[in-house]
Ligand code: PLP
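Shown below, as structure tokens, is a lone chain in the form predicted on its own; questions about how it binds or moves come after it.
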């Protein structure tokens, strides 16, 4: 018998389906040339960061005492950084947060893990709405809780409330929502959010304990055609917000994010302490010092989001013309069309034969669909269209 944690070894040996496809794409590009591989596998922003990001980093490096800059910050993040963030959020959402509502993390993944480890006890359940980012299940199980999957509403990718209410048992500690959504691009509208909040309020009162809403929001700013993303703490008091600048500022490799714990959360001080304690237990120490300061200074900026909307319109309209069924994304840089056969894995494998790399929907808890990540140069979409047409032709 192995003396290792076999579950951890399995996670380390088997990449996610997204990462596997991404690595395959790199290998294939070396073999036949990158221009001949239509890789839509991973959500790696193709739009450069705003110029202010590099300018700010260079200014900080030139002007700040390097001993301070490269030293530890407070575990929860530099106090000035957290004040700058509270000012930014207060300006945009008309709130009254302070530095003490923010806990800085190494990206949204660390933010989610801090929330889940801080809130969950053994035997707790966490509800996920399909389609969902696959790592949610990994993070939930890592925190000792059990993920409960609500099947997708594939008509509009909102919430199947009948299934949700049925799953809301007393053992549910938290619900994770991701809007704008990876992989569907759907944005929960205000009616959906209000109904979600009403149900959570009622069930929390019935069970005599709060059911926490964990809002994963790395795509908050990436929305199209005037789509509005409701600010969830305005609708439900026991909301924790996980944020990252990976997508809005095109900084996925810098791993910078935060947890926002609003003061209105029941037992706020204990919940904030639990989030901070989880960060300590997980060994996070503090988020990267330089990019705490860079991101705080650029918190009101975004990359050029219009390029993603151009890509979305080109790809969606072209696919629809070819006969694909596509629910229009309200945001993100993902599209989630139906596969042209029931077996989405087989469909993605057939696409692979045409050097089209798309991710099967079963990995997101929603079989019969595929995810297309269109945060790529527009030219790649243009060059890929004959391959998508050829793929559709195989099913006519």
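Residue numbers count along the first chain shown, from 1. What you see is a predicted model; the values in this text were computed from it and never measured.
Omitted from view is the form predicted together with ligand PLP, to which the following refers.
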Decide open or blocked for this chain: ligand PLP is absent here, so superimpose its site C-alphas on those in the model of the complex and check whether 3 or more ligand atoms come within 2.4 Å of a backbone or C-beta atom. open
Tell me, yes or no, whether residue 255 is in contact with ligand PLP in the model of the complex, where a contact means a heavy atom of each within 4.5 Å. yes
If we define contact as a non-hydrogen atom of the residue within 4.5 angstroms of the partner, is residue 188 a contact of ligand PLP in the model of the complex? no
With the partner left out here, check for me: in the model of the complex, does some heavy atom of residue 184 sit within 4.5 Å of ligand PLP? no
Hey, in the model of the complex, does residue 262 get a heavy atom within 4.5 angstroms of ligand PLP? no
Counting non-hydrogen atoms within 4.5 angstroms of ligand PLP in the model of the complex, say which of 210, 77, 107, 118 makes the cut. 107
Students should find that, of 311, 303, 246, 73, the residue having a non-hydrogen atom no more than 4.5 angstroms from ligand PLP in the model of the complex is 246
Counting only heavy atoms and a 4.5 Å cutoff, which of 322 to 330, 152 to 160, 223 to 231, 238 to 246 contacts ligand PLP in the model of the complex? 238 to 246
Every residue in 112, 133 and 218 with a non-hydrogen atom within 4.5 Å of ligand PLP in the model of the complex? yes
Suppose contact means any heavy atom within 4.5 Å; which members of 159 to 178 contact ligand PLP in the model of the complex? 178
